[in-house]
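Just the one chain here, the form predicted on its own, laid out as structure tokens.
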Amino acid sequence: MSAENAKPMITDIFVTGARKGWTIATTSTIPNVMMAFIIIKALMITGALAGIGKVFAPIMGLVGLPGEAAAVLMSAMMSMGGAVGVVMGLYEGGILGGEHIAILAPAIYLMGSIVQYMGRILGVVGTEGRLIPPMFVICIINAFVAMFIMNILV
């Protein structure tokens, strides 16, 4: 049997997959989460996070969250990994608790990375520009409905 027709060994497949996973983690996930931690710390130090909290407190209060949780949703639109980093930064700062995180979790995934997907997917497949804003609005409405339901369940 020639080398071209030979099946790869399971260990080779595993190692190849592990290398690909390591590359994704070190070039995408970890930098996004680290950036989010740094941004939250900068917002805390400058007092801008308190300002965000005051502005968004009425809206976020509808779903049982402090106003600062709006920073999670803003970052979720850019990157799901970044949003997780923001959640952990706010948790570490004592702003969010376990119940808050449970309320936010579905919203992160329902509106996660929509800005990235706009360029990567919607632009590539030729989606009409006029349809993109309603798609964003639908994602945000879905996220708020999920947070409202989670607030009731938690």
Partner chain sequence: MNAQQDQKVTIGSLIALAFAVVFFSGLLQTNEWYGVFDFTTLNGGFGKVAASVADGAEGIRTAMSDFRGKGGSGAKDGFIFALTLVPTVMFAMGMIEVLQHFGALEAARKLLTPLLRPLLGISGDSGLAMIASLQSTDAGSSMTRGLIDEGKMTKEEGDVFTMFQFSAGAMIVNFFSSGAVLFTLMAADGTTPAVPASIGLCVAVMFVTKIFGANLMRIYLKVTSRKTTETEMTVAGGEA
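Note that the structure is predicted; figures quoted are calculated from it, not measured. Residue numbers count along the first chain shown, from 1.
Just so it is clear, the following notes concern the form predicted in complex with the partner chain, a form of the same protein that is not shown.
Though the partner chain is absent from this view, in the model of the complex it lies within 4.5 Å of a heavy atom of just one residue from Leu62, Met88, Val55, Ala48, which is Met88. The partner chain is not shown here, and in the model of the complex it never comes within 4.5 Å of any heavy atom of Gly94.
Contact check for Ala70: no non-hydrogen atom falls within 4.5 Å of the partner chain in the model of the complex.
Looking at Pro66, you'd find every heavy atom of it more than 4.5 angstroms from the partner chain in the model of the complex. The partner chain is not drawn, but in the model of the complex it has no heavy atom within 4.5 Å of Leu43.
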